[in-house]
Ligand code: TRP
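Below you'll find only one chain, the form predicted alone, shown as structure tokens.
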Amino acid sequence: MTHDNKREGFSSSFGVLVATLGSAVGLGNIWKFPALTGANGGASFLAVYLLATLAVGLPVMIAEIALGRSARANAVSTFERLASGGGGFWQIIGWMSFASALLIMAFYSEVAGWVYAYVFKAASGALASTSPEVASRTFGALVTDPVQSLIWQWVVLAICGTIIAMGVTRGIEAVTRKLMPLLFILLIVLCIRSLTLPGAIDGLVFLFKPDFSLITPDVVLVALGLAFFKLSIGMGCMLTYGSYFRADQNIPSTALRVMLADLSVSLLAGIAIFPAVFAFGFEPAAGPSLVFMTIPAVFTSMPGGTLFMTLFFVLTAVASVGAILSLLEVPMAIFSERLGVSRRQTAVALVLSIALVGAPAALSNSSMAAFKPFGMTVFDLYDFVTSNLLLPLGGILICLFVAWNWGLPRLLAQISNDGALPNAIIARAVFRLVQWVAPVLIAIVLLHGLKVF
């Protein structure tokens, strides 16, 4: 079932779960999910997102993990080992994952840097204002300051680079074991506080009572895109983490638990945010500014606001770490395994490379604001290329590889642990979804992202 090369891996089933969950849970849960839910109708968007996750996100995630565990290799070498007739063409999936991880880190590390900065701003009382104009000026002062933008990005890279250099077990697994429980504890504290506010019921109605008349083709496409990207699909993270899975791990069960835990984090974030937003009369459709401009005003409006605001940004910073570690591990595994370079040396090279490539993204709102290739800032260009081109293309190619090259028997062997688990029906269902449904839906997301329709 597997290749017996001596590689480090996750040490326990719980370690597998929290590390994989750490990859799926990121800023998207606390930042993007509430923003898109708020902008697309609340509960009705949530219903479509859940269906899209079951049809696309979960089966492709299971397939990626199965490929990784079967090959026990990095994202490029996986296809060399598994492809029938040689992996020459299929290696492109691994190299696209490599490019995606670097480009995503180039701008994601900047957003994480803003969150880190806001932890200190919240604790110092610098965000204590209910005025949207003050919140906007505070955020603007951060993102338009080239020195602050670069320094906070470097802080994020230094912290996560240090963790990744420590290895899979002592670094990724050890850190996510501590951070994921902390994430849930902080979220629950914030939810309890938010639900005790007067008028909080309106936020819960918005989040959980669907109005299906609000579902439009655009809402469906946004939900499809979020379902695909939310579980770290198409960027090599699940391929790489799958290669560290234990031989006795039940892949479908683990993937389902990760999906449900990831959804729980998103819902808890919504419960923490929307009741407070409605209680103080703010706009739920504020979009990406919801975290950096609306949330400070909301928390300032409640008793003990400074404490709870600080907890919120600590929570958001914690959520960013697991996702960043999984993104860094993709090029880390490729470099260290294919070139025989130590993890420590590779970590230094990666951090410096991302700092170099990421600098134009960090400066997109300041000294490089006028530089707009293809009419976009460098930050937006990196986001566009990864979200609308590399990730969906990678996802489609993974589906095609599993369905038309690797095949059902090998997928079944992985999903059933060579017949030890009664997962044959699940394997066949995953195979059919990956063979026909997922690639078509991802292709629609791709074409929509490229403005073909």
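Computed from a predicted model, the values in this text were never measured in an experiment. Quick note: we count residues from 1 along the sequence shown, nothing fancier.
Below: the form predicted in complex with tryptophan (TRP), not depicted.
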- Query: Is Ser326 close enough to tryptophan (TRP) in the predicted bound form to count, meaning some heavy atom within 4.5 Å?
  - Reply: yes
- Item | tryptophan (TRP) contact at Phe229 in the predicted bound form, heavy atom, 4.5 Å | yes
- Message: Can you tell me if Val18 lies within 4.5 angstroms of tryptophan (TRP) in the predicted bound form, counting non-hydrogen atoms only?
- Response: no
- tryptophan (TRP) contact at Leu411 in the predicted bound form, heavy atom, 4.5 Å: no
- Heavy atom within 4.5 Å of tryptophan (TRP) in the predicted bound form, from candidates Gly68, Gly28, Gly57, Gly394, belongs to Gly28
- Which listed residue (Ala276, Ile354, Cys237, Ala333) meets the criterion of a heavy atom within 4.5 Å of tryptophan (TRP) in the predicted bound form? Cys237
- Item | Triple contact flag Ala112, Trp114 and Thr310 to tryptophan (TRP) in the predicted bound form, non-hydrogen atom at 4.5 angstroms | no
- Message: Taking 4.5 angstroms as the heavy atom distance cut-off, pick the stretch from 359-367, 276-284, 340-348, 229-237 that is near tryptophan (TRP) in the predicted bound form.
- Response: 229-237
- in the predicted bound form, residues of 91-109 near tryptophan (TRP) [heavy atom within 4.5 Å]: Ile104, Tyr108
